[in-house]
Structure formats: structure tokens, C-alpha cells
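Just one chain follows, in the form predicted alone, and it is written as C-alpha cells.
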Amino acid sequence: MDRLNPLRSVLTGHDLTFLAGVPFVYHCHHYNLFHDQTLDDALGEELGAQVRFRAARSACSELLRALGSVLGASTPPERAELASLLLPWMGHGRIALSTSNTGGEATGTHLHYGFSWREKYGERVRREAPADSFAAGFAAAACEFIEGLPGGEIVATEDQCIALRDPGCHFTLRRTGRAETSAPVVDLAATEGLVGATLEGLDEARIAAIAAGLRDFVKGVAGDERGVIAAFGVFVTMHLSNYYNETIYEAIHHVERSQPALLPVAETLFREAGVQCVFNTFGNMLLSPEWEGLVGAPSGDPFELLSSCCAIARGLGFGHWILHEYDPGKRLVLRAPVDYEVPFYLRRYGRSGKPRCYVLQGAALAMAVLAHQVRWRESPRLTEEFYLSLFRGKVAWAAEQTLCPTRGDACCEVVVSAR
């Protein structure tokens, strides 16, 4: 899939990444599994799965159609070849499709969510529902793409899943004849009109250099023979920002409408997803041999750690994160012109009366905790028990988003203060 790499682009000064104009980021399996579980906690298992499936079908359809247009995949065989190669290249496992204009079936191996869920929890937790809503959405979108069907007409049901201890993953595809109303597209062109002015902060030269090196490194990373990307001590995915954003905001808005008293709980859960991201993805990267080779092992200096986290965020496509202020042991201010959440919210929903950068809020809190409370020179193991010791009970730091472009502010800002 060397022909895909040239289709990557970066929005200069904003560190948002795109493939054929479609936004993507890198996240690891710890974050992905927690994200999906948070949706089920907020919405219930059945509605959570529906929201994930629809968001995946929409985001994957956008990507497949964009790639098909750029690469000239105009016939069903050409489209089928592109669809079969794309998912493993992105680190989501492999999927074999058999489609017609009425539906079909798909068989998956090492699908990211089911595979990583079994690897992480399989020996101690028994799952009751299939794990691969994202792959189901991809299979439905691929069927529509291959057969030239309107978007939203194919539904996919996962009737076997390795997370349920089935021998493999299998999906039944069915055409409903009811196309869904298309939502405003959130792509590079739309994003360019929604970003603010470029910002610079503390330790800018170091952050920019590491981010550029990390971005070059991940360009050379793709799925192995299983379609899995095992790097930095985690299972990495090249994932679609629009999937994450649609699922989060549809869940939040559903709770706002139906159970407003529970909104603070739902928002706390989605902030914790950002905490999980920094602890697991950023933390394991910092401790990995790959990071040591690119940058060097963490010294344990809090400022260096915060600087490194900003570089990781930029390199993975989260946005142009900067350290705007830092008072050692007392306060830090994290800013970005936008993060990957803001353009989606503005394009799909318009202005908000409150800050909406849930991942950024949780990430800023986790950065402060990891910088000041983890002994990095001792190469700690980032276990679930260690996570709970840092983030359960009274956390030593508190974060508040004070600026957000979704409500008309010039940039994103999260202030983190020691309690």
C-alpha cells in the first residue's frame, strides 16, 4: 500500500493529519477499548453499539470514497481490492468481504477491538456482546462502496466474535433500502476554515523537532501480516477522528436530552478517556525502545515530560499542543489553536455554550500527574493497579478548560492546578 502514504497530509501549524483529506489520528488499544466501554456506560450496551456502528459506517464511507476518487478505483473489483487492503494497513486487522447489491458477508481475523479486548481482558472477564462495531461499520461502508450503493443502506451484524470466545469474527450484511441523510462533511477543506491562528509556547524548538521525527517514524509503520500494528508496547491504530468525535458527541447530546442530571457523569467518563490515552498511549511510548532510539529515555524532569507529551500529541495528529505557562509543581496551562475535536463539533453542531474538548481536558490532567508523580527513571510498569493509584480517589491535580473555540474563543486552553 505504498500508494497510500503519499496521500497523507498535515495541516501546517496545527498538526492535524489527513489521509486523502479525511482526518485521522493514532490511538492505542487501551484508549480504544475504554472509549467504546464509556459509550456503553453512558448509553447502555444496545444503543452504544448502534451509535458506534453508525459513526464507523459514516467515517469509513467518507474515507473509502475519498480514496477511491483519488486512486481512480472505479470498478467493483478495484474497489474491493482497495477495501480489503485498507483495514490491515491501518492496523485494524484483516477482513474478507463477499458482497452483492443486497448485502453479503464478511469474515475478520485479528480485528483490532475483538483481538485486543481478548488479549487484555479475555482470561479474567467474560464478555456478553460482540466487540467489533468499528469493523462492522467498515464492512457495511465497504459493501456500499464496492456495489455503488447509497450511503447508509447496508447494516452489518456481528454474529461471531473472538471476544465472545468464538473461533473467529463473522458479519452478516443486509441492505435495508433506507439511505441515511448525509451529515456535513468534516474534511481538510472544512477544517481549514475552522482553525485559529498558529501558536508557539515553551520549549517550542524541542517539541517541534520531536514531533517531526515521530511523524516520520509512524509513516513507516503499517499492519503486519495479521493487520496488527504492535509498536511502543501497545497495539496502535491509525484511526478516524470523525469516528471518535461522532460517538462522543452523539452520546453527550443524547444524555443532555434524555437524562440531563447524568450529564456530569457522562462528561467525566469522556474526560477519563483522555486520561487513559495519556497514561497508556503516551506513557508506553515514553518507556518504549522506539522512543529511546528517537529521543532518549525520560530523565524524570517534569518539564521535559510535559514537553515530550506535547510532541507526542503533535506527532500523532492530536493538534498543535503547546505549553503556554508552567509553574513547577503548581500550575500548567496547555493550549492549542484547535484540537481534533473542535472542527468536528463546529461543523456538525455549530457553536456551544460550554467547552467541548473532553479528550484534551483529560489529557492535560494526566500530563500533570505523570510529570510530577511518576518516577520515570525507574522504568515503571503502567499497570491497571498503578493507574488506579494515581487517578482514583483524590487526584493531586485538577483541570479546567477555560477557553474553547466551540463557544467562540480564539483557542483551546486547559489550566491544570495542584490541589
Partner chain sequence: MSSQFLDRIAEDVPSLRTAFITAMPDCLLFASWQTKESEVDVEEVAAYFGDLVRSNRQGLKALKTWSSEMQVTIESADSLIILRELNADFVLGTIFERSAPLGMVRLHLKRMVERVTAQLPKVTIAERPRGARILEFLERYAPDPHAILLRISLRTGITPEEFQTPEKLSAEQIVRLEEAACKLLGLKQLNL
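Everything numeric here is computed off the predicted structure, so don't read it as measured data. Residue numbers count along the first chain shown, from 1.
The discussion below concerns the form predicted together with its partner chain, not included here.
Participant: Even though its partner chain is not shown here, does it sit in the predicted complex so that A190, R257 and L403 each have a heavy atom within 4.5 Å?
Facilitator: Spot residues vs its partner chain: no contact at all.
Participant: So in the predicted complex, does any heavy atom of E272 sit within 4.5 Å of its partner chain?
Facilitator: The answer is yes: E272 has a heavy atom within 4.5 Å of its partner chain.
Participant: Would F53 count as a contact of its partner chain in the predicted complex, using a 4.5 angstroms cut-off between non-hydrogen atoms?
Facilitator: No, F53 is distant from the partner.
Participant: Answer yes if any heavy atom of E200 is within 4.5 Å of a heavy atom of its partner chain in the predicted complex; otherwise answer no.
Facilitator: E200 lies outside the contact set for its partner chain.
Participant: Could you confirm whether Q276 comes within 4.5 Å of its partner chain in the predicted complex, counting heavy atoms only?
Facilitator: It does: once its partner chain is placed as it appears in the predicted complex, Q276 has a heavy atom within 4.5 Å of it.
Participant: Quick check for you: of 362-370, 381-389, 348-356, 63-71, which stretch puts a non-hydrogen atom within 4.5 Å of its partner chain in the predicted complex?
Facilitator: Correct option: 381-389.
Participant: In the predicted complex, which residues of 107-144 put a heavy atom within 4.5 Å of its partner chain?
Facilitator: If the 4.5 Å heavy-atom criterion is applied to its partner chain in the predicted complex, 107-144 yields K120, Y121, E123, R124, V125, R126, E128.
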